[in-house]
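Below sits a lone chain in structure tokens, taken as the form predicted alone.
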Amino acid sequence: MSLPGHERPDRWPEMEPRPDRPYVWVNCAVSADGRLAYAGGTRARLSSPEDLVRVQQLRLRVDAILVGVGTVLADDPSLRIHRELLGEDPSASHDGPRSGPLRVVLDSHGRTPEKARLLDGKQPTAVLTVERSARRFPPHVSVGAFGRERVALRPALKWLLRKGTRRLLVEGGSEVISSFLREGVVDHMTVYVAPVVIGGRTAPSMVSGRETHDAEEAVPLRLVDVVRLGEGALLTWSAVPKKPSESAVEKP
């Protein structure tokens, strides 16, 4: 399936890492009113077929994919590359230590279920937690502890860079996206907007986290492109650098 415009892989940025962290690309799909899921966090399939192809092509370009433990609890994602969407034989073997990008979970309190697909050993996996976490993970899972109550993002990203992650794709959820944006460690952001309105009070928005009280606390972005993709639209931003803060991430 061909993709027109900026969403084509040959027009994507080079994604060169920063001196102390990977290049960070945030990607998600939302409803027209900015919701990530249905009421109570029930999963919503918002990407169009064209956007699903784009996401798989993006996953092919990165070294690691990161989600929060809330996403693991809600969706149990595999974070694998769905090669069938790329026209490849899904039955073909892609086993081995580099069968796919490193799968990374932000999990301050060790809540990742023992039978979560991310812990199945089929792809390299890392868990970012805090220093006081007593949770033990399988031997094949790399564990990094940063901060006391919440995962401190900047040292965690530096650790990932040392482990070979030059390009990091952040796929959510809303608390994680908020923390990356507020910490000023996002380089590129793509949001697919689906032609549907969800509404309600409990459907999660694209960004949550702490409240924004004025323009000084808002996170500025620079619009790069807007293109039609299937029946929806793909919006692309680059981040405007902000001074580092004391923010960190923790999924309640």
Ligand SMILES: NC(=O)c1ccc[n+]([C@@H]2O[C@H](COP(=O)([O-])OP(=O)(O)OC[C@H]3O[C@@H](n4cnc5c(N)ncnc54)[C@H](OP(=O)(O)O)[C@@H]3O)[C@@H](O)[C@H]2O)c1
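A residue's number is simply how far along the shown sequence it sits, counting from 1. Note that the structure is a prediction, hence the values are computed from the model and not measured.
What comes next is about the form predicted in complex with the named molecule, which is not displayed.
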The single option of R43, R61, R222, H213 touching the named molecule in the predicted bound form, heavy atom within 4.5 Å: R43
Just checking whether I65 would be counted as a contact of the named molecule in the predicted bound form - the rule being heavy atoms within 4.5 angstroms. no
Does S179 reach the named molecule in the predicted bound form if we count a contact as any heavy atom within 4.5 Å? yes
I'd like to know if K158 sits close to the named molecule in the predicted bound form, meaning any non-hydrogen atom pair within 4.5 angstroms. no
Find out whether any non-hydrogen atom of A145 is located within 4.5 angstroms of the named molecule in the predicted bound form, and reply yes or no. no
Among P17, P124 and T165, does every residue place a heavy atom within 4.5 Å of the named molecule in the predicted bound form? no
Which of 113 to 121, 148 to 156, 134 to 142, 80 to 88 lines the interface with the named molecule in the predicted bound form (heavy atom within 4.5 Å): 148 to 156
Is any part of 59 to 80 within 4.5 angstroms of the named molecule in the predicted bound form by a non-hydrogen atom, and which residues would that be? G68, V69, G70, T71, A74, D75
